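The chain that follows stands alone, in the form predicted alone, written as C-alpha coordinates.
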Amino acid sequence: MWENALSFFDFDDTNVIYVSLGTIILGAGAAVVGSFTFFRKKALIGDAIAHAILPGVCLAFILSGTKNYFLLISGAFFTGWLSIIAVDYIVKKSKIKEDTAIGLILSVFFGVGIMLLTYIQQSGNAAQTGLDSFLFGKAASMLAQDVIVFSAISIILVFMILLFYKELKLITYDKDFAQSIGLPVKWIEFLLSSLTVLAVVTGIQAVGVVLMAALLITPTAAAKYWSGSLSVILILAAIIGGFSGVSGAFISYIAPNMPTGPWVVMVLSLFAIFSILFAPKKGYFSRLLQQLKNRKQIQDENILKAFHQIAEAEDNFGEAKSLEKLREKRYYTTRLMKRILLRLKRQGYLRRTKEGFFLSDYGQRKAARLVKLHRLWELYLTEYLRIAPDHVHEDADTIEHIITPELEKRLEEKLGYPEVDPHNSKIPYD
(Lines give C-alpha, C1' and ligand atoms only; values in the text may rest on other atoms or scores of the structure.)
Protein backbone atom coordinates (compact mmCIF):
# COMPACT_ATOMS: atom_id res chain seq x y z
CA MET A 1 0.00 0.00 0.00
CA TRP A 2 2.79 2.44 0.96
CA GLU A 3 4.66 1.56 -2.23
CA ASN A 4 1.55 2.53 -4.19
CA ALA A 5 1.33 5.76 -2.20
CA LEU A 6 4.90 6.73 -3.12
CA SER A 7 4.48 5.70 -6.75
CA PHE A 8 1.49 8.05 -7.05
CA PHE A 9 3.80 11.05 -6.57
CA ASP A 10 6.27 9.80 -9.18
CA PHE A 11 3.63 10.65 -11.82
CA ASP A 12 5.05 8.01 -14.15
CA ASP A 13 1.56 6.75 -14.96
CA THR A 14 -0.09 9.06 -17.51
CA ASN A 15 -3.52 8.15 -16.14
CA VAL A 16 -2.47 9.42 -12.70
CA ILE A 17 -1.38 12.71 -14.28
CA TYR A 18 -4.68 13.11 -16.16
CA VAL A 19 -6.84 12.26 -13.16
CA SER A 20 -4.82 14.47 -10.79
CA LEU A 21 -4.80 17.47 -13.12
CA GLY A 22 -8.46 16.97 -13.97
CA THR A 23 -9.66 16.81 -10.36
CA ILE A 24 -7.48 19.78 -9.31
CA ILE A 25 -8.79 21.93 -12.16
CA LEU A 26 -12.41 20.88 -11.62
CA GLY A 27 -12.23 21.34 -7.85
CA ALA A 28 -10.62 24.79 -8.05
CA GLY A 29 -12.86 26.08 -10.86
CA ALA A 30 -16.10 24.91 -9.25
CA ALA A 31 -15.05 26.35 -5.87
CA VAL A 32 -14.38 29.84 -7.28
CA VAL A 33 -17.74 30.04 -9.07
CA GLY A 34 -19.57 28.41 -6.17
CA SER A 35 -18.35 31.12 -3.78
CA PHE A 36 -20.69 33.68 -5.34
CA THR A 37 -23.59 31.22 -5.26
CA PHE A 38 -22.85 30.56 -1.60
CA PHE A 39 -22.73 34.23 -0.55
CA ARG A 40 -25.89 35.03 -2.52
CA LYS A 41 -27.60 32.42 -0.31
CA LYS A 42 -28.44 30.27 -3.32
CA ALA A 43 -26.48 27.18 -2.36
CA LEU A 44 -29.27 24.81 -3.39
CA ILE A 45 -29.39 26.14 -6.96
CA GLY A 46 -26.14 24.27 -7.67
CA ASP A 47 -27.81 21.04 -6.56
CA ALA A 48 -30.78 21.74 -8.83
CA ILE A 49 -28.50 22.42 -11.81
CA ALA A 50 -26.48 19.27 -11.13
CA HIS A 51 -29.57 17.06 -11.09
CA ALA A 52 -31.10 18.86 -14.09
CA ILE A 53 -28.03 18.10 -16.18
CA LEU A 54 -28.75 14.37 -16.39
CA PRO A 55 -31.71 14.59 -18.83
CA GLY A 56 -29.62 16.92 -21.04
CA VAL A 57 -26.81 14.37 -21.20
CA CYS A 58 -29.25 11.57 -22.00
CA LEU A 59 -31.11 13.61 -24.67
CA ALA A 60 -27.83 14.58 -26.32
CA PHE A 61 -26.83 10.90 -26.45
CA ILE A 62 -30.22 9.77 -27.79
CA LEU A 63 -30.21 12.39 -30.55
CA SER A 64 -26.58 11.88 -31.58
CA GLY A 65 -26.22 8.17 -30.90
CA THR A 66 -22.62 8.71 -29.80
CA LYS A 67 -20.85 9.65 -26.58
CA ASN A 68 -19.29 12.80 -28.02
CA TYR A 69 -18.22 14.85 -25.00
CA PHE A 70 -18.86 18.21 -26.67
CA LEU A 71 -22.43 17.20 -27.53
CA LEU A 72 -23.04 15.82 -24.03
CA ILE A 73 -21.79 19.08 -22.47
CA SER A 74 -24.02 21.09 -24.81
CA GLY A 75 -27.08 19.04 -23.81
CA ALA A 76 -26.17 19.30 -20.13
CA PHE A 77 -25.68 23.06 -20.41
CA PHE A 78 -29.09 23.46 -22.09
CA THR A 79 -31.09 21.59 -19.43
CA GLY A 80 -29.01 23.13 -16.64
CA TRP A 81 -29.94 26.59 -17.87
CA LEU A 82 -33.54 25.46 -18.36
CA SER A 83 -33.70 24.48 -14.67
CA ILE A 84 -32.63 28.00 -13.59
CA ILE A 85 -35.25 29.59 -15.84
CA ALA A 86 -37.88 27.19 -14.49
CA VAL A 87 -37.02 28.02 -10.87
CA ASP A 88 -37.15 31.78 -11.52
CA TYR A 89 -40.45 31.45 -13.41
CA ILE A 90 -42.11 29.45 -10.63
CA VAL A 91 -40.94 31.90 -7.94
CA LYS A 92 -42.13 34.96 -9.91
CA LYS A 93 -45.44 33.57 -11.17
CA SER A 94 -46.62 31.70 -8.08
CA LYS A 95 -46.60 31.90 -4.29
CA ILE A 96 -44.09 29.05 -4.08
CA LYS A 97 -40.82 30.02 -2.35
CA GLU A 98 -37.43 29.53 -3.96
CA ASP A 99 -36.33 26.53 -1.86
CA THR A 100 -39.59 24.72 -2.68
CA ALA A 101 -39.24 25.57 -6.37
CA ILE A 102 -35.66 24.24 -6.38
CA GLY A 103 -36.78 20.99 -4.75
CA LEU A 104 -39.57 20.65 -7.31
CA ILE A 105 -37.36 21.28 -10.35
CA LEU A 106 -34.57 19.09 -8.95
CA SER A 107 -36.81 16.06 -8.50
CA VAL A 108 -38.68 16.46 -11.80
CA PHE A 109 -35.55 16.91 -13.95
CA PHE A 110 -33.68 14.13 -12.16
CA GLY A 111 -36.66 11.81 -12.51
CA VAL A 112 -36.81 12.49 -16.25
CA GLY A 113 -33.05 11.93 -16.45
CA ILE A 114 -33.29 8.53 -14.73
CA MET A 115 -36.15 7.56 -17.05
CA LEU A 116 -34.10 8.50 -20.15
CA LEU A 117 -31.02 6.74 -18.78
CA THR A 118 -33.06 3.56 -18.26
CA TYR A 119 -34.36 3.84 -21.84
CA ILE A 120 -30.79 4.16 -23.15
CA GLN A 121 -29.62 1.15 -21.14
CA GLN A 122 -32.41 -0.95 -22.64
CA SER A 123 -31.85 0.32 -26.20
CA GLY A 124 -28.85 -1.92 -26.84
CA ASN A 125 -26.64 0.92 -28.11
CA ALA A 126 -23.04 -0.19 -27.49
CA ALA A 127 -21.85 3.41 -27.16
CA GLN A 128 -23.78 3.81 -23.91
CA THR A 129 -20.96 2.26 -21.88
CA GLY A 130 -19.89 4.58 -19.08
CA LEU A 131 -22.83 6.93 -19.53
CA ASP A 132 -24.09 6.09 -16.04
CA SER A 133 -20.84 7.50 -14.62
CA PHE A 134 -22.49 10.92 -14.87
CA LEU A 135 -24.61 9.86 -11.90
CA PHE A 136 -21.77 9.26 -9.45
CA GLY A 137 -18.75 10.43 -11.41
CA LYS A 138 -15.80 8.44 -12.67
CA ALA A 139 -12.68 10.56 -12.50
CA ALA A 140 -10.48 7.52 -13.12
CA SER A 141 -11.72 7.40 -16.74
CA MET A 142 -10.38 10.87 -17.62
CA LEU A 143 -8.27 11.11 -20.77
CA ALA A 144 -5.90 13.76 -22.08
CA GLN A 145 -8.65 15.36 -24.16
CA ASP A 146 -10.88 15.59 -21.06
CA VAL A 147 -8.15 17.44 -19.15
CA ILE A 148 -7.69 19.84 -22.08
CA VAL A 149 -11.43 20.56 -22.18
CA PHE A 150 -11.62 21.01 -18.38
CA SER A 151 -8.58 23.28 -18.42
CA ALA A 152 -10.03 25.44 -21.17
CA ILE A 153 -13.40 25.76 -19.43
CA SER A 154 -11.82 26.44 -16.03
CA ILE A 155 -9.61 29.15 -17.53
CA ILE A 156 -12.71 30.75 -19.04
CA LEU A 157 -14.50 30.56 -15.69
CA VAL A 158 -11.64 32.13 -13.73
CA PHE A 159 -11.02 34.76 -16.42
CA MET A 160 -14.69 35.83 -16.39
CA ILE A 161 -14.71 35.95 -12.58
CA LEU A 162 -11.61 38.18 -12.57
CA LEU A 163 -12.94 40.35 -15.40
CA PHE A 164 -16.27 41.03 -13.68
CA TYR A 165 -15.08 40.64 -10.08
CA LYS A 166 -16.24 44.07 -8.87
CA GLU A 167 -19.68 43.73 -10.46
CA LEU A 168 -20.17 40.18 -9.18
CA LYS A 169 -19.07 41.22 -5.69
CA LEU A 170 -21.50 44.14 -5.70
CA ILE A 171 -24.58 42.15 -6.73
CA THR A 172 -23.59 39.44 -4.25
CA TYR A 173 -23.56 41.77 -1.24
CA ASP A 174 -25.85 44.65 -2.25
CA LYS A 175 -28.02 44.01 -5.28
CA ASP A 176 -30.24 47.05 -4.62
CA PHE A 177 -27.26 49.41 -4.54
CA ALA A 178 -25.95 47.88 -7.78
CA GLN A 179 -29.29 48.63 -9.44
CA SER A 180 -29.35 52.18 -8.03
CA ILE A 181 -25.98 53.07 -9.62
CA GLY A 182 -27.07 51.75 -13.01
CA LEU A 183 -25.30 48.39 -13.20
CA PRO A 184 -26.94 45.88 -15.59
CA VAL A 185 -27.88 43.55 -12.73
CA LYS A 186 -29.97 41.20 -14.89
CA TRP A 187 -27.09 40.74 -17.32
CA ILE A 188 -24.59 40.14 -14.51
CA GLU A 189 -26.93 37.58 -12.91
CA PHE A 190 -27.28 35.92 -16.32
CA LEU A 191 -23.48 35.76 -16.55
CA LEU A 192 -23.13 34.27 -13.05
CA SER A 193 -25.84 31.70 -13.74
CA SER A 194 -24.10 30.71 -16.99
CA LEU A 195 -20.77 30.33 -15.20
CA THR A 196 -22.42 28.23 -12.48
CA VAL A 197 -24.02 25.94 -15.06
CA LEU A 198 -20.70 25.63 -16.90
CA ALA A 199 -18.88 24.78 -13.66
CA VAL A 200 -21.44 22.11 -12.81
CA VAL A 201 -21.41 20.66 -16.32
CA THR A 202 -17.66 20.15 -16.24
CA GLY A 203 -17.56 18.97 -12.63
CA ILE A 204 -19.96 16.07 -12.99
CA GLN A 205 -17.22 14.01 -14.64
CA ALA A 206 -15.35 14.02 -11.31
CA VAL A 207 -18.08 13.59 -8.69
CA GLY A 208 -21.32 13.06 -10.63
CA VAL A 209 -24.63 14.89 -10.41
CA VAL A 210 -25.43 13.55 -6.95
CA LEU A 211 -22.38 15.07 -5.24
CA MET A 212 -21.73 18.10 -7.46
CA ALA A 213 -23.34 20.58 -5.06
CA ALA A 214 -20.67 19.70 -2.48
CA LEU A 215 -17.90 20.62 -4.94
CA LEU A 216 -19.55 24.01 -5.47
CA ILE A 217 -20.40 24.95 -1.90
CA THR A 218 -18.19 23.11 0.61
CA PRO A 219 -14.83 24.80 -0.27
CA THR A 220 -16.34 28.24 0.35
CA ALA A 221 -18.10 27.04 3.51
CA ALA A 222 -14.68 25.99 4.83
CA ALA A 223 -12.76 29.03 3.54
CA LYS A 224 -15.08 31.64 5.07
CA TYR A 225 -14.00 30.54 8.56
CA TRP A 226 -10.43 31.62 7.79
CA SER A 227 -11.02 35.08 6.35
CA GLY A 228 -13.60 37.83 5.94
CA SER A 229 -12.23 39.08 2.61
CA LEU A 230 -13.97 37.78 -0.51
CA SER A 231 -10.77 37.78 -2.58
CA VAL A 232 -8.94 35.73 0.08
CA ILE A 233 -11.93 33.38 0.40
CA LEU A 234 -11.91 32.78 -3.38
CA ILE A 235 -8.21 31.87 -3.27
CA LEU A 236 -8.63 29.62 -0.22
CA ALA A 237 -11.71 27.94 -1.74
CA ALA A 238 -9.78 27.23 -4.95
CA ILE A 239 -6.87 25.75 -2.96
CA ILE A 240 -9.21 23.62 -0.84
CA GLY A 241 -11.15 22.46 -3.92
CA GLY A 242 -7.97 21.60 -5.84
CA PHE A 243 -6.32 19.85 -2.88
CA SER A 244 -9.47 17.83 -2.20
CA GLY A 245 -9.53 16.81 -5.85
CA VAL A 246 -5.99 15.46 -5.88
CA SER A 247 -6.52 13.87 -2.42
CA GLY A 248 -9.54 11.97 -3.72
CA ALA A 249 -7.48 10.79 -6.70
CA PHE A 250 -4.67 9.73 -4.34
CA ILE A 251 -7.00 7.69 -2.10
CA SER A 252 -8.61 5.93 -5.06
CA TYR A 253 -5.13 5.17 -6.42
CA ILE A 254 -3.82 3.46 -3.28
CA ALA A 255 -7.21 1.74 -2.75
CA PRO A 256 -8.43 0.82 -6.25
CA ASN A 257 -11.89 -0.18 -5.04
CA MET A 258 -12.48 3.33 -3.68
CA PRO A 259 -14.20 5.71 -6.14
CA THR A 260 -12.58 9.13 -6.61
CA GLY A 261 -15.67 11.37 -6.54
CA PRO A 262 -17.04 10.41 -3.12
CA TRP A 263 -13.56 10.66 -1.61
CA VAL A 264 -13.13 14.15 -3.04
CA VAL A 265 -16.32 15.12 -1.22
CA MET A 266 -15.16 13.32 1.95
CA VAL A 267 -11.90 15.31 1.99
CA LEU A 268 -13.88 18.51 1.40
CA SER A 269 -16.13 17.62 4.32
CA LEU A 270 -13.10 17.04 6.57
CA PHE A 271 -11.79 20.47 5.59
CA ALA A 272 -15.16 22.02 6.43
CA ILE A 273 -15.42 20.21 9.80
CA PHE A 274 -11.85 21.15 10.72
CA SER A 275 -12.52 24.79 9.79
CA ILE A 276 -15.75 24.92 11.77
CA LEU A 277 -14.01 23.54 14.85
CA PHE A 278 -10.47 24.92 14.77
CA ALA A 279 -10.31 28.04 12.56
CA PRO A 280 -8.87 31.06 14.43
CA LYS A 281 -11.38 33.73 15.45
CA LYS A 282 -14.40 32.09 13.77
CA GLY A 283 -13.92 28.43 14.73
CA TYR A 284 -16.00 26.82 17.49
CA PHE A 285 -13.10 26.33 19.93
CA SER A 286 -11.67 29.77 19.20
CA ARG A 287 -15.03 31.38 19.94
CA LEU A 288 -15.42 29.21 23.03
CA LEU A 289 -12.02 30.35 24.33
CA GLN A 290 -12.94 33.96 23.60
CA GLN A 291 -16.22 33.56 25.49
CA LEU A 292 -14.34 32.12 28.48
CA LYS A 293 -11.87 35.01 28.29
CA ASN A 294 -14.69 37.55 28.14
CA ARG A 295 -16.45 35.89 31.06
CA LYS A 296 -13.30 36.04 33.19
CA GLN A 297 -12.78 39.68 32.24
CA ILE A 298 -16.33 40.59 33.25
CA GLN A 299 -16.01 38.69 36.54
CA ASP A 300 -12.68 40.40 37.33
CA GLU A 301 -14.01 43.86 36.51
CA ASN A 302 -17.18 43.29 38.53
CA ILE A 303 -15.11 42.45 41.62
CA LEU A 304 -12.81 45.44 41.11
CA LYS A 305 -15.88 47.66 40.89
CA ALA A 306 -17.27 46.04 44.05
CA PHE A 307 -14.00 46.87 45.87
CA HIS A 308 -14.34 50.51 44.80
CA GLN A 309 -18.01 50.74 45.81
CA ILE A 310 -17.34 49.27 49.28
CA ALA A 311 -14.32 51.53 49.81
CA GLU A 312 -16.32 54.53 48.60
CA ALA A 313 -19.15 53.77 51.02
CA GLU A 314 -16.71 53.30 53.92
CA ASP A 315 -14.48 56.18 52.77
CA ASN A 316 -11.48 53.93 53.23
CA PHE A 317 -9.58 52.62 50.18
CA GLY A 318 -6.58 51.25 52.04
CA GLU A 319 -8.42 48.78 54.30
CA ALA A 320 -8.74 45.12 53.35
CA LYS A 321 -12.20 43.89 52.34
CA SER A 322 -13.57 40.58 53.55
CA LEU A 323 -15.05 37.91 51.33
CA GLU A 324 -18.46 38.39 52.95
CA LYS A 325 -18.60 42.10 52.07
CA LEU A 326 -17.66 41.39 48.48
CA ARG A 327 -20.33 38.71 48.20
CA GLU A 328 -22.93 41.23 49.33
CA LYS A 329 -22.14 43.17 46.15
CA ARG A 330 -21.67 40.21 43.81
CA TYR A 331 -23.42 36.92 44.42
CA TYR A 332 -20.64 34.64 43.24
CA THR A 333 -19.99 31.33 44.96
CA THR A 334 -17.22 31.32 47.57
CA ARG A 335 -15.08 29.07 45.38
CA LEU A 336 -15.47 31.31 42.32
CA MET A 337 -14.86 34.44 44.39
CA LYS A 338 -11.57 33.05 45.75
CA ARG A 339 -10.47 32.12 42.23
CA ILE A 340 -11.23 35.64 40.95
CA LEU A 341 -9.41 37.29 43.88
CA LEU A 342 -6.29 35.18 43.35
CA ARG A 343 -6.39 35.96 39.62
CA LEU A 344 -6.63 39.70 40.32
CA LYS A 345 -3.73 39.41 42.77
CA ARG A 346 -1.58 37.75 40.11
CA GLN A 347 -2.45 40.57 37.70
CA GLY A 348 -1.33 43.17 40.24
CA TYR A 349 -4.75 44.70 40.92
CA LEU A 350 -4.97 43.45 44.54
CA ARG A 351 -2.74 43.10 47.59
CA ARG A 352 -3.31 40.52 50.31
CA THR A 353 -3.14 40.75 54.10
CA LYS A 354 -4.33 38.51 56.92
CA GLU A 355 -7.62 40.40 57.01
CA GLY A 356 -8.29 40.00 53.30
CA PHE A 357 -7.61 41.75 50.00
CA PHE A 358 -7.33 45.43 49.15
CA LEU A 359 -6.82 47.40 45.94
CA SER A 360 -3.28 48.26 44.83
CA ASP A 361 -2.66 51.69 43.29
CA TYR A 362 -2.93 50.07 39.87
CA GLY A 363 -6.16 48.34 40.94
CA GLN A 364 -7.63 51.59 42.30
CA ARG A 365 -7.15 53.32 38.94
CA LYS A 366 -8.70 50.40 37.09
CA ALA A 367 -11.67 50.17 39.49
CA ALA A 368 -12.25 53.95 39.39
CA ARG A 369 -12.37 53.90 35.59
CA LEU A 370 -14.95 51.07 35.61
CA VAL A 371 -17.14 52.97 38.07
CA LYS A 372 -16.77 56.11 35.97
CA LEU A 373 -17.82 54.29 32.78
CA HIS A 374 -20.82 52.78 34.57
CA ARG A 375 -22.02 56.11 35.88
CA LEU A 376 -21.35 58.01 32.65
CA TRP A 377 -23.42 55.49 30.72
CA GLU A 378 -26.25 55.71 33.24
CA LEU A 379 -26.23 59.48 32.86
CA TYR A 380 -26.19 59.23 29.07
CA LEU A 381 -29.22 56.91 29.10
CA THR A 382 -31.20 59.20 31.37
CA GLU A 383 -30.33 62.47 29.60
CA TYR A 384 -30.39 61.45 25.95
CA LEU A 385 -32.63 58.38 25.82
CA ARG A 386 -34.99 59.58 28.54
CA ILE A 387 -34.83 56.33 30.48
CA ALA A 388 -35.81 56.46 34.15
CA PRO A 389 -32.82 56.38 36.55
CA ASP A 390 -34.05 53.19 38.21
CA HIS A 391 -34.01 51.38 34.83
CA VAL A 392 -30.44 52.09 33.68
CA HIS A 393 -28.28 50.08 36.08
CA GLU A 394 -28.43 46.68 34.33
CA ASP A 395 -27.69 48.14 30.92
CA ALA A 396 -24.73 50.11 32.28
CA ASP A 397 -23.53 47.00 34.13
CA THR A 398 -23.24 45.27 30.74
CA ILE A 399 -21.92 48.05 28.51
CA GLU A 400 -19.17 49.25 30.87
CA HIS A 401 -17.02 46.26 29.93
CA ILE A 402 -16.81 47.13 26.23
CA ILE A 403 -16.54 50.93 26.22
CA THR A 404 -13.31 51.90 24.45
CA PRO A 405 -11.13 54.88 25.47
CA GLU A 406 -12.35 56.74 22.36
CA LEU A 407 -16.00 56.26 23.31
CA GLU A 408 -15.16 57.15 26.91
CA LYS A 409 -13.73 60.50 25.78
CA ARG A 410 -16.78 61.21 23.61
CA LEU A 411 -19.11 60.46 26.52
CA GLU A 412 -17.21 62.82 28.79
CA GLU A 413 -17.29 65.60 26.20
CA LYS A 414 -20.94 65.07 25.31
CA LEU A 415 -22.04 65.07 28.95
CA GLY A 416 -19.77 67.97 29.86
CA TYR A 417 -17.58 66.10 32.37
CA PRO A 418 -20.39 65.68 34.94
CA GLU A 419 -19.60 65.32 38.63
CA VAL A 420 -22.46 63.00 39.64
CA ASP A 421 -24.57 60.27 38.04
CA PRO A 422 -28.43 60.13 38.03
CA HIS A 423 -28.32 58.70 41.60
CA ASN A 424 -26.11 61.60 42.85
CA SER A 425 -23.12 59.29 43.21
CA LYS A 426 -19.77 60.95 42.53
CA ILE A 427 -18.16 60.17 39.14
CA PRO A 428 -14.44 59.54 39.76
CA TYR A 429 -11.92 61.09 37.33
CA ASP A 430 -8.18 60.64 37.13
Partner chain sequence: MIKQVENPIIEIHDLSVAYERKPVLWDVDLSLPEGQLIGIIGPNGAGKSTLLKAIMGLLPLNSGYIQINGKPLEEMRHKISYVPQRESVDWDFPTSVYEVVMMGRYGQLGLFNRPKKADAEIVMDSLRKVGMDEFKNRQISQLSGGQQQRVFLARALAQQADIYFMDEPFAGVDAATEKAIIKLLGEMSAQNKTVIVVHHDLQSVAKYFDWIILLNMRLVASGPINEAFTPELLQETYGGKLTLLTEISDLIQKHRFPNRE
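Numbering follows the first chain given and starts at 1. Treat the numbers as computed from the prediction; the structure is a model and nothing was measured.
Keep in mind that the form predicted together with the partner chain is missing from the display, and what follows is about it.
Engineer: Does the partner chain come within 4.5 Å of a heavy atom in each of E167, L170 and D176 in the predicted bound form?
Structural biologist: Yes, each of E167, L170 and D176 comes within 4.5 Å of the partner chain in the predicted bound form.
Engineer: From the candidate stretches 401-409, 57-65, 385-393, 39-47, select the single one in contact with the partner chain in the predicted bound form, where contact means a heavy atom within 4.5 Å.
Structural biologist: Looking at the partner contacts, the answer comes out as 39-47.
Engineer: Is it the case that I233, even though its partner is missing from this view, gets within 4.5 Å of the partner chain in the predicted bound form, heavy atoms only?
Structural biologist: The answer is yes: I233 has a heavy atom within 4.5 Å of the partner chain.
Engineer: Contact with the partner chain in the predicted bound form for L163, defined as at least one heavy atom pair within 4.5 Å: yes or no?
Structural biologist: Answer yes; at least one heavy atom of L163 falls within 4.5 Å of the partner chain in the predicted bound form.
Engineer: With a 4.5 Å heavy atom cut-off, would you call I181 a contact of the partner chain in the predicted bound form?
Structural biologist: Yes, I181 is a contact residue.
Engineer: Considering only heavy atoms, tell me if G228 and the partner chain come within 4.5 Å of each other in the predicted bound form.
Structural biologist: Looking in the predicted bound form, residue contacts with the partner chain include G228, since a heavy atom lies within 4.5 Å.
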